[in-house]
Ligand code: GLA
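So this first bit is one chain, no partners, the form predicted alone, shown in structure tokens.
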Amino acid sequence: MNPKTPPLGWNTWNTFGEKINEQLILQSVDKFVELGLKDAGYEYVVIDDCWSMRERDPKTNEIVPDPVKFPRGMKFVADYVHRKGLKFGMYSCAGTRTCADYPGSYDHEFLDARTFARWGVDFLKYDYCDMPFSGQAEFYYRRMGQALRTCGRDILFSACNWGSEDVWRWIRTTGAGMYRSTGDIFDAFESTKSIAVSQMPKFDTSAPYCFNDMDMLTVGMYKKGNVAHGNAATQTFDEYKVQFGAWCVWGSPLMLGCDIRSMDKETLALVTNKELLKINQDPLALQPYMPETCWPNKEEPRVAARLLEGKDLALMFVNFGENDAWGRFHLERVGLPYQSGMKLKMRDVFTKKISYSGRDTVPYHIPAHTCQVYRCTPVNA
């Protein structure tokens, strides 16, 4: 069953890359539950690339877990995850080899899908490296989509072709429950900005049962791990708030990428923020929109809005620029003209403070690389 709201979970790649093993996964699963991530709604524990042997079994042709990294096999890991009340995810690739040069699923889709089902896999991230032919992504993804649909187990299909070949035009035909339309994320604010801004023209490409995935979060990594970005400055907590806020308001799946075993209290409080998660998981799953066009040659700040269940809406003011920004946002941009006789009751999702707009505008001041997110209710002025 494809998801009605964006999937939530944790993936090994951003921090660990190829440095994965059974002990790491079991420890992370235990910590996942201990920290309350499961209670907050996160449910998938996903092992990314580099989990297998370099070649398939010559007799069965199956992909084989690396016996050094996973001595008791993947079914043991899946069973452990399931006993904790979580779901187990794995990785493969549409090409002949994965992005890290392990066996891909090209021309083995049905065999691999049955293998994953036998192990107890609930989620498959499916990459797009080392393709024999270009320009045919939709056919390869449909092939694995059919394999998963007939494998005998409900496995969420997470398509990851980085937005190539206009993926948003055909991805729903594959049965995928989520898909990537961006390049890979790095632990740098410029990467957060680039991905968030790139999605603004694509808000209409995400909806229930097939969500646009903005890639795994780097929140809380602080340049410790596999996707630390060269000479880029270590991200600040405010910059991580921008990333998590945008992923929530934009309606992206939320896949944590930090080492949750050493997650600090500040990061934990952010990624379990009930009001942000409630926006991300709003049952209507309506698309956000940019109600106010930025001035020419002045890209900051940006205002995003999203209608929520009932009569509420979310408003996010975000400054990706290098200087403080001041201004006024006109309520008419979200359908509340002065003549409506209404204003907004605004609850800050970070501070929990209540404020009220004017009858026509919301004044704002947003320092560089920060954001403000509000859950708003129209009330009589």
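The first residue of the shown sequence is 1; numbering continues from there. Note that the coordinates shown come from a computational prediction; the quantities given were computed from them, not determined experimentally.
FYI, the form predicted in complex with the ligand isn't displayed, but the following is about it.
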Residue-level question: is Phe211 within 4.5 Å of the ligand in the model of the complex, judged on heavy atoms? no
Quick check on Asp127: any heavy atom within 4.5 Å of the ligand in the model of the complex? yes
Given that the ligand is not shown alongside this chain, does Arg306 nevertheless sit within 4.5 Å of it in the model of the complex, heavy atom to heavy atom? no
For Ala207, is any heavy atom within 4.5 Å of the ligand in the model of the complex, or not? no
What stretch, of 113-121, 260-268, 199-207, 97-105, brings heavy atoms to within 4.5 Å of the ligand in the model of the complex? 97-105
Could you check which residue among Asp49, Glu43, Asp66, Asp312 gets a heavy atom within 4.5 Å of the ligand in the model of the complex? Asp49
Of Ala246, Met178, Leu148, Met216, the only residue with a heavy atom within 4.5 Å of the ligand in the model of the complex is Met216
At 4.5 Å, heavy atom to heavy atom, what parts of 238-265 sit next to the ligand in the model of the complex? List them in sequence order, or say none. none
